[in-house]
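The chain below stands alone and is given as structure tokens, in the form predicted on its own.
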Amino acid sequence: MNKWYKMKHADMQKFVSALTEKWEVWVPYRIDGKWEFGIYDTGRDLDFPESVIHVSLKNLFFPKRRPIATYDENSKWSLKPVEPEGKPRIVIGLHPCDVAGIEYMDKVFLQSEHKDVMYASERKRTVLIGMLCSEMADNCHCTDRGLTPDATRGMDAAFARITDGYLLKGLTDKGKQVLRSEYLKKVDEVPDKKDWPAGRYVIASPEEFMEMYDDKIWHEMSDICLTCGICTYACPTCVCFLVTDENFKGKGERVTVWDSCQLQSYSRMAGGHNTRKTPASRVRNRTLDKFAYSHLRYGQISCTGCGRCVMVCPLKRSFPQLGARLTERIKDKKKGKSKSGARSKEA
């Protein structure tokens, strides 16, 4: 059984600084009131948020703009794949919902028919040292998605903040190697267990969602949606992209860039035909992708309960909120059928 180790608050900065001798280290920083990950700077104070980090880790493994090949536009058949980055990297302070997002991307990029070698390289070079949340933020609902704020699944090592320091535990060989440090002492302490609230955004089954494909509710739910796509960029599991060639002075790069099913251009085909011209069709696609299509493809829904979509939405709405609303419509329809059946029996 893996033991927990203890570290003083004052030693965490020294511990992380020592890691930079061998690894590229990423930690959360507070920038303009929001938390996001950045490369560790020994000149800045180190701190960790109690709950969700505003900007997900998706960009570290699947960048917004990612060169995959280079070419000379004046030379035929000159396409040359980009060499993947190989320097070892550690990410410290990611939460259970962040890890769940990475695990979902693994299914898409590593366990599908076509393996993404660039993504595989990013995963291989990275050690994940996760942090147990000590609270749930207003929009967090991981407990409705099969997670808890103190889950350690998918982490190489985990740590928790306590009154007089931190408790850390290695979970994989890579994680245990990182935790070999003079600043860690074996203890019998364990992090406190909490009863976490649930029921914030309860949703129906993927099968029930699919039965609502032609329901008029999609027009109701898209009434004020701007279909700006920012929710998809904030989401840790939205991984749609397009491939494009960029040229400058005879040199070219083939790159992947993030795309969004909420943009009208996403579904536009040759000749201008578009299967999702209306906001309702695009809201339906994303809602069903989160809670039904992903389950059909990969055996799990792709919402991790992080709440980032409502954090960034100009209208403060989220797809879990829409999913919960759709669930209520499903319940109402079932009640209507039940009452209708009862009346016909009596007749």
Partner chain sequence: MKEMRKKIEELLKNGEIDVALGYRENPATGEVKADVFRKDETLDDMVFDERCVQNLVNYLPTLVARYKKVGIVLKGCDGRSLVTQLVEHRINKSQIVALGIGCEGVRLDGKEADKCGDCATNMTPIVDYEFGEKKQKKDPVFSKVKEIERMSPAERWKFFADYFARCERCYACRQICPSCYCEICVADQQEPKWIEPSAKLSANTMWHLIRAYHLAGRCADCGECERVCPQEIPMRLLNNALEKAVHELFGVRPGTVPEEVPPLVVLNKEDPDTILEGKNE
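Numbering follows the first chain given and starts at 1. As the structure is a computational prediction, the values presented were derived from the model and not from experiment.
The same protein also has a form predicted in complex with the partner chain, omitted here; what follows describes it.
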Exercise. Does K194 make contact with the partner chain in the predicted complex, using a 4.5 Å heavy atom cut-off?
Worked result: no
For this session: Please run the contact check for R65 against the partner chain in the predicted complex: heavy atoms, 4.5 angstroms, yes or no?
Result: yes
For this session: Mark T227 yes when one of its heavy atoms lies within 4.5 Å of a heavy atom of the partner chain in the predicted complex, and no otherwise.
Result: yes
Problem set entry | Close approach of K316 to the partner chain in the predicted complex, 4.5 Å, heavy atom | yes
Exercise. Which single stretch, out of 203 to 211, 122 to 130, 73 to 81, 251 to 259, brings residue heavy atoms within 4.5 Å of the partner chain in the predicted complex?
Worked result: 251 to 259
Exercise. Taking K8, E21 and F37 together, does each of them reach the partner chain in the predicted complex with some heavy atom inside 4.5 Å?
Worked result: no
Seminar exercise, completed: Residue within 4.5 Å of the partner chain in the predicted complex by heavy atom, from C240, L263, V190, A198, is L263
Seminar exercise, completed: Only hit among K174, R268, K107, R153 for heavy atom within 4.5 Å of the partner chain in the predicted complex is R268
